[in-house]
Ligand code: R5P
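Given next, in structure tokens, is a single chain: the form predicted on its own.
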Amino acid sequence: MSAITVIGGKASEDLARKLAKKLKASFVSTELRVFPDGESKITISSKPKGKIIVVNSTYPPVDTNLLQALSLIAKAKQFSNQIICVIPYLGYARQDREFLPGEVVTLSVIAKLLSSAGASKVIVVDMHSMLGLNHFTIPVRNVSAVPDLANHLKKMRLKNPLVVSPDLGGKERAKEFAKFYGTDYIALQKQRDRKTGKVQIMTANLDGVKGRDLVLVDDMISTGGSIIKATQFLKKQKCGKVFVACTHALLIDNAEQKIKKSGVSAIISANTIPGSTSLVDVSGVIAKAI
């Protein structure tokens, strides 16, 4: 087997180290210096050999982490023609179509940038919508953290658990989660105002949740608005404990505290974004895809 090198960007250093270990690859760390004007200067610690895997999530500051990922891809291209770019959390994935006239479909711009920088393949974890994959001209692979998240929750021994999607859009995710967990699922109906972003739960009363522990499943949590609304609604239906499972926990503006205050017992997320909730390691599923 030819040599493999994993380059860990600062945004995903821990996950990149775990991935290198799983692949029995050599690991190259990066040194980052940010100047007073906000410019980043990146230096790789040693010379990569063979097939190169660049790992860097693009969570906030999104543009900075994106530029660092692009810079590392371009640097890696000097040493190899085989560059697999692993972006565990891909920022801008929600901007995959023109919702309102005149909007820029930023995801298609990012797909072009990754390919121009020198990536020969891209791997992402739980892309917001599969439609987004169509913007890429190079091979792109979406892997899922759902089986690992479900296994983690299973070990927590919940009381008569029920999987809940906070909206109809996440129904398939909840169904898949429930399948791995070995239980049933439901999806709430919500409405979001495209202009103001305000969320409203449209579902009427639910009898099936009474006394059951619930697992709210989502792909990402940003400010937690949808999760808070769903929790408040479900608590009124006299459910048991509420747990939240998501792949990407952005948790902007004290979202973690706000979510827990609404009645959520625990938030469990993947390590696509490092943080206090990222208890589920996705290096295994990424290694399989590679």
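Computed from a predicted model, the values in this text were never measured in an experiment. Throughout, we count residues from 1 along the sequence that is shown.
The protein also exists as the form predicted together with this ligand; that form is not presented, and the subsequent description refers to it.
Practice task
Work out which of the listed stretches, 213-221, 109-117, 79-87, 181-189, brings a heavy atom within 4.5 angstroms of this ligand in the predicted bound form.
Solution key: Within 4.5 Å of the partner lies stretch 213-221.
Handout entry: Contact test, all of Gly9, Arg33 and Asp63, partner this ligand in the predicted bound form, heavy atom 4.5 Å
Key = Judged in the predicted bound form, none of Gly9, Arg33 and Asp63 sits within 4.5 Å of this ligand.
Practice task
Flag Gln68 as yes or no: does it have a non-hydrogen atom within 4.5 angstroms of any non-hydrogen atom of this ligand in the predicted bound form?
Solution key: No, no contact at 4.5 Å.
Exercise for the section: Using the partner position in the predicted bound form, report whether Gly240 sits within 4.5 Å of this ligand, counting heavy atoms only. Expected result: So Gly240 does not count as contacting this ligand.
Practice task
Decide whether Asp96 counts as a contact residue for this ligand in the predicted bound form under a heavy atom distance cut-off of 4.5 Å.
Solution key: Asp96: no contact with this ligand in the predicted bound form.
Practice task
Evaluate His128 for contact with this ligand in the predicted bound form, applying a 4.5 angstroms cut-off between non-hydrogen atoms, and reply yes or no.
Solution key: Yes, His128 lies within 4.5 Å of this ligand in the predicted bound form.
Exercise for the section: Sequence order please: the residues of 154-179 with a heavy atom within 4.5 Å of this ligand in the predicted bound form. Expected result: Counting only heavy atoms within 4.5 Å of this ligand in the predicted bound form, the single contacting residue of 154-179 is Asp167.
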